[in-house]
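One chain comes next, on its own, written as structure tokens: the form predicted alone.
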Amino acid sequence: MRICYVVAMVAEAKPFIERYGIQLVEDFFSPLPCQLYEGEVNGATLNVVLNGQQQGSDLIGCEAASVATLSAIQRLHPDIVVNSGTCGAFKKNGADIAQVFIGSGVMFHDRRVPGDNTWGTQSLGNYPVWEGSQELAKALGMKTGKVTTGSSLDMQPCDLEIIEKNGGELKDMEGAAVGFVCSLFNVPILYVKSVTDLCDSGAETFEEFSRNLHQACEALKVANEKVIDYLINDPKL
């Protein structure tokens, strides 16, 4: 079995890269900036693919995530892709900082294109998630929530309107892009998201994100250990 994580930021991936002692494969995706870490866990191959860096910072957002996911699927042929990272959530839905969720669905919240069942439906995405996501969440005692993706860290009123209309609960910058590529290849996609900021807390988003990033990533490491153990022993994969 090959489990492939697609992760945007070094901070999000580093704790569980170190936990499993997996090693960087130099220049695997060259000339692309994506980075591959690889190792073996209980007989399974564990890959962690990072979006990489440009101009001294982690590449975040949909474009970088699409490139990393496409490259990973074409080169590694994983049995399942796991998009793991941090997200915003909503206090009104009972979310807390560093709480980890399993994605129950995924869509875009900032692609505003008119037309029901044509461009409008396509722009929202609503790509399928791995059919075992709910069962995994229940087995591990984790909550689920629908992931919505946009290209900006902040949230405009029109974004919130789409999120609320479509039952969105977890706001990120990569998830739907990863889901889009996985849907093209019919590769199962699982979402593991840890909360850094509460979208309705009234706090400035970047400050709250920065303040809680370390705590959220440590929680993500603990959750991913459980997720990896579960996936390795899942007979459906």
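From 1 onward, residues are counted along the sequence shown. The structure displayed is predicted, hence computed values, not measured ones.
Keep in mind the form predicted together with a small molecule is missing from the figure; the text below concerns it.
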Stretch in contact in the model of the complex with the small molecule, which is absent here, among 95 to 103, 125 to 133, 80 to 88, 110 to 118 (heavy atoms within 4.5 Å): 80 to 88
Contacting member of 36, 199, 46, 64, with respect to the small molecule in the model of the complex [4.5 Å, heavy atom]: 199
Residue 9, heavy atom within 4.5 angstroms of the small molecule in the model of the complex: yes
Exercise: residue 166 in contact with the small molecule in the model of the complex, heavy atom 4.5 Å: no
Contact label in the model of the complex: residue 74 to the small molecule, heavy atom within 4.5 Å: no
Residue contact check: residue 205 to the small molecule in the model of the complex, 4.5 Å heavy atom: yes
4.5 Å heavy atom contact with the small molecule in the model of the complex for all of 60, 171 and 209: yes
